[in-house]
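Okay, here we've got a single chain as structure tokens, the form predicted on its own, with questions on binding and movement later.
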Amino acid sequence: MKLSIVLSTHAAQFQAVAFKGDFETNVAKIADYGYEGVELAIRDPKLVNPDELEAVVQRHGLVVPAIGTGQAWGEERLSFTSSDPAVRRAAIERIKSHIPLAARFKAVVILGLIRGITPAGQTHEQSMAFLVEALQECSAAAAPYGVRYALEPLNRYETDLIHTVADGLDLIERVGADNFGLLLDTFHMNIEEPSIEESIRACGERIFHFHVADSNRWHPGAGHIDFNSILTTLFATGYTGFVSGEFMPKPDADTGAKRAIEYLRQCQV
């Protein structure tokens, strides 16, 4: 089992990012705790120096399995489903701008709240049409570079668009791109899926990335989720990617990261 944890390259409002602040200091800590990868949360690729990022990550023996994009929604309110065409276009161009860095790291690009929420006065159907159109354009742009996008089903309290694996699989059919799949997150699945294991099996080879957080969004082992069963099911699908920690920095970032890897390493998978 290859383990990574989320690290924001810049200050961020999103609470479920354990590590923020000095980049190299945090990368060094993550490597020291025993993680093999670091998932980078990047609001705008123009704000980072790819050479410096790669040098720091390689210096500490890590890889970058995925790039998170949610801060573009959290900080700028960019979304694929805005009622404003200029905002939708800006969101699409921002996501396409991640392609060179993702290709460099061979990383999956994560699509979380960049999908947005249905704004007042707009139908859910129109939002879904905007979402499909945006995903088709982004997937087509990424395909020649071997870059994959993974949309994350999120719980009902965060968005009205794509809550479950079933919703995600329907969306995959509508988008019709081989390089478009799903990121499954145990925190959201615990809220929305009748059976996390059955949903993992249903998703199968379209699982492009996997997030872990416990039922309370603390580190794995701090709540009631059965990670032994879930991870056994995940790897039985043939999944060979990373298991990446995205959880709140509770009781603090370092303690959470250490407890997470200690707990996950003892899982019988």
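Not measured: the values here are computed from a predicted model. The first residue of the sequence shown is number 1, and the count goes up from there.
Heads up, the form predicted together with a small molecule isn't pictured, but that's what we're talking about next.
- Checking Leu154, Ala91, Ala102, Leu182 for any heavy atom within 4.5 Å of the small molecule in the predicted complex turns up a single hit: Leu154.
- For the residues Lys29, His60, Arg217, Arg206, the 4.5 Å heavy atom test against the small molecule in the predicted complex is passed only by Arg217.
- Against the small molecule in the predicted complex, the set Leu113, His188 and His211 is in full contact: each member has a heavy atom within 4.5 Å.
- Of the candidate stretches 92 to 100, 122 to 130, 154 to 162, 141 to 149, only 154 to 162 contains residues with a heavy atom within 4.5 Å of the small molecule in the predicted complex.
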